[in-house]
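Given as structure tokens, the chain that follows is alone and in the form predicted alone.
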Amino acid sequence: MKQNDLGIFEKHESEVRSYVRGFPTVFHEAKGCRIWDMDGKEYIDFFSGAGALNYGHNDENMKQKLVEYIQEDGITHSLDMASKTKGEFLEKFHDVILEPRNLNYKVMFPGPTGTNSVESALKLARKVTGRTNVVSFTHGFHGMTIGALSVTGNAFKRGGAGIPLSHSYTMPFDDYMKDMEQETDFIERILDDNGSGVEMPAAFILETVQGEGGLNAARMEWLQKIEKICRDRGILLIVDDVQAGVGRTGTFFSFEPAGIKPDIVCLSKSIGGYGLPLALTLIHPDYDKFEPGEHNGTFRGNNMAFVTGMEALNYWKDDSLSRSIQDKSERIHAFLQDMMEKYPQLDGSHRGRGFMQGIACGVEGIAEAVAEKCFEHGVIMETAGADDEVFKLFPPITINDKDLDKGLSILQTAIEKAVDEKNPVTT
């Protein structure tokens, strides 16, 4: 390709392509929080690969480690055989992440995607408990393969399965019924009532902040109550931290502030640090019951991702990054509150926490219009929610103050223009 021409994609690529429709340009170069297309136009990245690039593009230290590894002919593909890099990654993940948080997990490497981590978690929960059904929550999203779709709420995505999705029940996520006590009492009553038609499930699966579902952030008290419901009934608790984890909410695991300890944790996206495919399923040792090879995959040992993922863990040797995320999160929150006050035409409400925040817009189509205007003015940002009603800020967690301010300034311009188009001023 010699020019910024989308024709080749329209001619040869499947109609299933999606992000290229929202960001209609040909990207070529990226560094930190910035991306350039083939015309040299610069964009600030408030998308971060849907959470796969928490540390930004082409982190210099990770890049150097990867180049060194390639130049020394380090092994690239090894399935789940032992390799030097895997051993080093396991040791460092234990020492830097698990042990300081008093978390006791065995690490499983499923296929290198979030949905495969979820599939392995669902299979394992059913194997361990001998039960069939899994409880998921309204507006949850857990992936695009059949098992993960069965615990996903979005009707459009579920419809793509082409078959009935079964062996799951949907319960109200926090604030769905606007009364936390009523919600949790309802869940307990359904589980304990022999006439409810709901069998005792193998597991509950949840996101602490629902990324694709609209940035719905569960309160810590709700998470604690859900954990107790599970513990009292011998139900496994699975936390899907594929998008909300690896620092996105301010702590490495999104559930840390609640003080809960899930039985199984799903990680992917940014766990490889550099955008390279990798997924982990963290399993409490009591439930590490798969037989050898019972869940496998050709690419479950991505050594290049072990190299960059190991380097990324250096960010978590102290709390400086976590404190930076939390400080900047407060600035993002204040900015969004200011936008809702300045532009009441949004009919907006704040959603999310950490570096996954946004505004849910009560006016149809306006969130999509904001994202479109952002792209026109040099910010990459997407929408979320069942009706794409939330515009969603996902900057790299390493973004500096200057670039964050510039991105927010462009976002304000986009909001103003979107509001003007939806509510034109007449004289």
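These numbers come from a predicted model, not from an experiment. Throughout, we count residues from 1 along the sequence that is shown.
Beyond the structure shown, there is the form predicted in complex with a further copy of the same chain, which is absent from this document and is the topic of what follows.
Between 225-233, 247-255, 330-338, 87-95, the stretch whose residues reach within 4.5 angstroms of a further copy of the same chain in the predicted complex through a non-hydrogen atom is 87-95. a further copy of the same chain is not shown here, but in the predicted complex it comes within 4.5 Å of a heavy atom of residue 197. The shortest heavy atom separation between residue 277 and a further copy of the same chain in the predicted complex is within 4.5 Å. Taking the partner from the other structure, a further copy of the same chain in the predicted complex has no heavy atom within 4.5 Å of any heavy atom of residue 399. When a further copy of the same chain is considered in the predicted complex, residue 263 lies well away from it, no heavy atom lying within 4.5 Å.
Taking a 4.5 Å heavy atom cutoff to a further copy of the same chain in the predicted complex, the contacting residues in 53-91 are 53, 57, 58, 63, 66, 67, 69, 70, 71, 72, 73, 74, 75, 76, 77, 79, 80, 81, 82, 83, 84, 86, 87, 88, 90, 91.
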